[in-house]
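We give structure tokens for two forms of one protein chain below, kept apart as structure 1 and structure 2.
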Structure 1
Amino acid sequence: MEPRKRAILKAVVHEFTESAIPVGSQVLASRYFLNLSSATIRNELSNLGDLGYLIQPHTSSGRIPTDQGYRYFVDFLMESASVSSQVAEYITEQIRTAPADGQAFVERVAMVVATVTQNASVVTAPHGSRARLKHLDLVSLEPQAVLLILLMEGNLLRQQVLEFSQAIGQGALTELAHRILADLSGRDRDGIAKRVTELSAGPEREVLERILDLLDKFEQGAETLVVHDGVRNLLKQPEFSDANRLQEVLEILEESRHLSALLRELIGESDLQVVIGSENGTEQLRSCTVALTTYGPSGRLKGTLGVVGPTRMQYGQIVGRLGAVARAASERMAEMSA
């Protein structure tokens, strides 16, 4: 695209993002291009329309970007906005004090994303392809009752009471826990299952079989744990003044299992993905932009955070603030996992 067309498209996106009003040549001439006549700008706007980057809602109105226009802007013209010190301090403070509990942590991240982006937020729990053992404790409750405390990577905690087939004292339980950790720390379900096949009946096998059961339940739950926040922000956007349009988006946000699969599909192997309007494969989101990034303490343990909003959004600011939240969340998780 010619430099002048690029500059005019960029100005139209910026102006329409701020005002939600179709942008005319006179506004562009007075605010952005003092050296160009309104006639020259009208001609360029017409050319950008012919190329598919702008549309004119009504014959006498100004122009607004199409999905193709937003895509060109994001790919070639967008500049990731710096995060102000006030916003950065808010993000840092809120994430630094986030609860260590898995779901509560995700809820805090979702709240922060919604607050700093003023859109609806979506956040998935960080999880790897398989849950991995980090630490365990065995605490004697009664002669044959034992509390299993299981800690997985990402500081995800599970507890369960076991009923052993024979009485076992605290000293033996502590020794058993140390032996299991020495052999299996960092192992996933397959590694632990292999160890079970090598053992005959006894306390160690009973503990490992229960750990396998907990890992199975965790992996099934982690796949579908999605938290959203900030739906109230959508109500402020003129694009969602139509109740039916808002209801379509709400239906997607409320269906956790489908939303979890959708977010995994959209982000793929990328660290940042911006899906605009008609690019969305889901019909209910074809009037929206979904902007996503990843977070987590390691390459193996990864979650997704992002926003759902109108295609008319401040893309540079959104991307910058999503990155800031992702970094803070990753650092907090690394601290919790240490």
Structure 2
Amino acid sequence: MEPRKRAILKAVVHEFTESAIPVGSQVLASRYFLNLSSATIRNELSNLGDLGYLIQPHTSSGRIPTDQGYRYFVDFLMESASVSSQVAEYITEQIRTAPADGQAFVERVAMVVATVTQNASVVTAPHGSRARLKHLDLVSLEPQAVLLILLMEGNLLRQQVLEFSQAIGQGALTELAHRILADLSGRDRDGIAKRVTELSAGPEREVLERILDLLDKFEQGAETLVVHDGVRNLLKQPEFSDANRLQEVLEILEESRHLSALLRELIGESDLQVVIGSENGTEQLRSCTVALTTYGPSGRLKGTLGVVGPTRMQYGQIVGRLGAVARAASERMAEMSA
């Protein structure tokens, strides 16, 4: 595409993401292209329309970018904005003072992302099949019911009730927990799986199998911790002044089952993913952009962090700030689990 077309597309996206009103040839001429006449720009706009990058809500209105237009912008024109020192300070301060508790930490991250991007945020706790077991405990509830407590890397506590076929006292449980912990501490999922195969039947093997179950459940996603925040920010955007739009989005956000599956699908392997409007397989998100990145203390342990907002979002700024939060959160976690 010719440089001038690119420049005009970029200007349209800039202008529209800020003002939310369709942009016409005159404002472009007067604010961005002083050496071009509005007529010239009209021609270019018309071409960009033919190429599928821009659309007119109705004849004789200004242009707004199509999903494809945003896509081109994000892929080729966007500059990831540097983060102002004020915002950077806010981020580091909030992350520095975040609690070490895995759940609470994730909630703090979600709050920070929502605040600095002024959109809705979505965050999953760092996890991964390579995450290592840090601690484990067995607590007797009823004669045959036992609470299994797992502490994984990332200080994420998990609990699950196990039903034993016969009663075991707390003393025996404690002893059992010790033995298992000594055996498994520092192992990841596969390490534990290997250990299971080596054991003969008995309570120890039973517990190990349940631990594996639990880990797999978290990994396979149904139970992955996903929190969201900042829905209130979406209400400030004109595209959500109509309640129905927001309702669709909320249905996705509040159903964390859907959400975790969605995130898993979207983020794939890449480090930064921007999914624009109809690129979302999910019907309810067709007017939203989801921007995601990963964070975590190590390669073994990765969480997802991102925003959900109208396709008309300030991509450059948001990508920049997402990165800043991800970096801060990763560093903090590395300290925590050092």
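Everything numeric in this text was worked out from a predicted model, so none of it was measured. For clarity, a rigid core is taken as the largest C-alpha set superposing within 1.5 Å between two forms. Start at 1 and count along the sequence of structure 1; that gives the residue numbers used here.
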Inset, instruction - Can you spot the form predicted together with a further copy of the same chain among structures 1 and 2? - result: 2
Inset, instruction - Could you tell me whether the Cα atom of L212 shifts by at least 2 Å between structure 1 and structure 2 after core superposition? - result: yes
Inset, instruction - For D137, decide whether the Cα shift between structure 1 and structure 2 is 2 Å or greater, given a superposition on the rigid core. - result: yes
Inset, instruction - Take the rigid core as the frame of reference and indicate whether the C-alpha of A167 shifts by 2 Å or more between structure 1 and structure 2. - result: yes
